[in-house]
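Here's a solo chain for you in structure tokens, the form predicted alone.
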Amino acid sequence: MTDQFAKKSEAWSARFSEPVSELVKRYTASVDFDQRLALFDIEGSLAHAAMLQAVGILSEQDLESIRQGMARIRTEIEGGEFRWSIDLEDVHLNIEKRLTELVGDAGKRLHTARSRNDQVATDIRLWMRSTIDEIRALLRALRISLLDVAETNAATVMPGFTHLQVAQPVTFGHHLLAYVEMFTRDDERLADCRRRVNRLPLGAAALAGTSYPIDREQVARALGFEGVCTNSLDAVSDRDFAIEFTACASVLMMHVSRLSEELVTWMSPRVGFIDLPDRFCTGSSIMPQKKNPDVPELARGKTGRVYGSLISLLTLMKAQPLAYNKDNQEDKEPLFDTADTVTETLRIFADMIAGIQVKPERMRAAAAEGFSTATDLADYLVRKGLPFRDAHEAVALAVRQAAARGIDLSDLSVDELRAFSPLVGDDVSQALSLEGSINARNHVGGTAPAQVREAIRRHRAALAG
């Protein structure tokens, strides 16, 4: 019998009376991008082969041949010597064809009891699991960098803002801890997503399962999956786990973008709160004085790229009937691009944050502007017995007078402040000081330096656990 697979290089060629056109080959091929799944494909195939041997479908000799062939293929791929062919369409057929060249019929028997449908779903889940682990490690490094800078600046006063208007004094350490909280939630989301990724589709075959006496649980254990997908149709056709990952990545990049916006603002000479190391900045081709924060600006822009991948995957899946459809080939490029964008961004941000040069004198000067202790004066009056709404009104009048004179509240004398409320005493200066304001907020989640240091201790303990 003629070996159609070897001659025509297509696993289904016997069904057709004419070859696939070159245009269609290029249009439908995925090997240019899905070859990054190669090592995961080999890993899944070896676990599948071991199971086939355990249930009596493959001989021990076939299994050993497959293992030796796959070891050779792995070496070729890692060494850049593997010859990828667009005629073989995807990573799976390229590897299978090479295996057959190396070990003969044993390579052809490997595909027993599986389909490319459950094979690719398994490969993607293996790749995603590894990618999630990598991103979580990078998130950890970024949080450690933020904690280091926060600890150094646990008592560094800066203005806190609402509506980009000076609101109340906070510490720079407290401000950075807000991003530690955000990135911690991102890590938690990815950990939760990983549980749903870590289910084995292999064994679902094309869509209905297989008539062979397979042991899916053995394969799951061998590959480190926490369980198996329990419906064959769902196992091969849905990509909600990939959508969930991209959604997690989108939220993560939103947090990166918010931090980027602040870094750009803080570095502006008009603000001057920080400086970034030169290695993360560029100059201007015409203005020799420029030092542009290109890295945070680009990260801000790349956030939209990840959002686009999420929308692509949602749109890809929204009208697909059960079970597998060729549309799903389009899931990989958005996934790969999302992973590349997130990992590269986190890797560079951990280094950049660690190198931030803080300018505490500029932060303090800004905190002294904009009547940032006005709320503290109102709280002071409340503690003296004035209802809060009356205290609010009295302080608002005091702010109006200070603003008209171009001075801060703390520049008004005790007698001048007493004109707005007779409850003002000689101890009012403490309420109007920047240190008095931040130290007064000494509770869990507050900006007092003692609370900032305690929050840092908790985060470090969690990261070490």
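Being a predicted model, the structure only gives us computed values, none of them experimental. Residue indices: 1-based, along the sequence shown.
The discussion below concerns the form predicted together with ligand ARG, not included here.
Partner contact region in the predicted bound form: 325-333, out of 325-333, 149-157, 73-81, 163-171, criterion any non-hydrogen atom within 4.5 Å of ligand ARG. 120 is the sole member of 120, 353, 346, 177 with a non-hydrogen atom within 4.5 Å of ligand ARG in the predicted bound form.
Checked against ligand ARG in the predicted bound form, the candidates 143, 92, 114, 125 yield a single residue with a heavy atom inside 4.5 Å, and that residue is 92.
Though the partner is left out of this view, residue 30 does reach within 4.5 Å of ligand ARG in the predicted bound form, counting heavy atoms only. Among residues of the shown chain, residue 34 is one whose heavy atoms approach ligand ARG to within 4.5 Å in the predicted bound form. Annotation for 262-297: no interface residues with ligand ARG in the predicted bound form [heavy atom within 4.5 Å].
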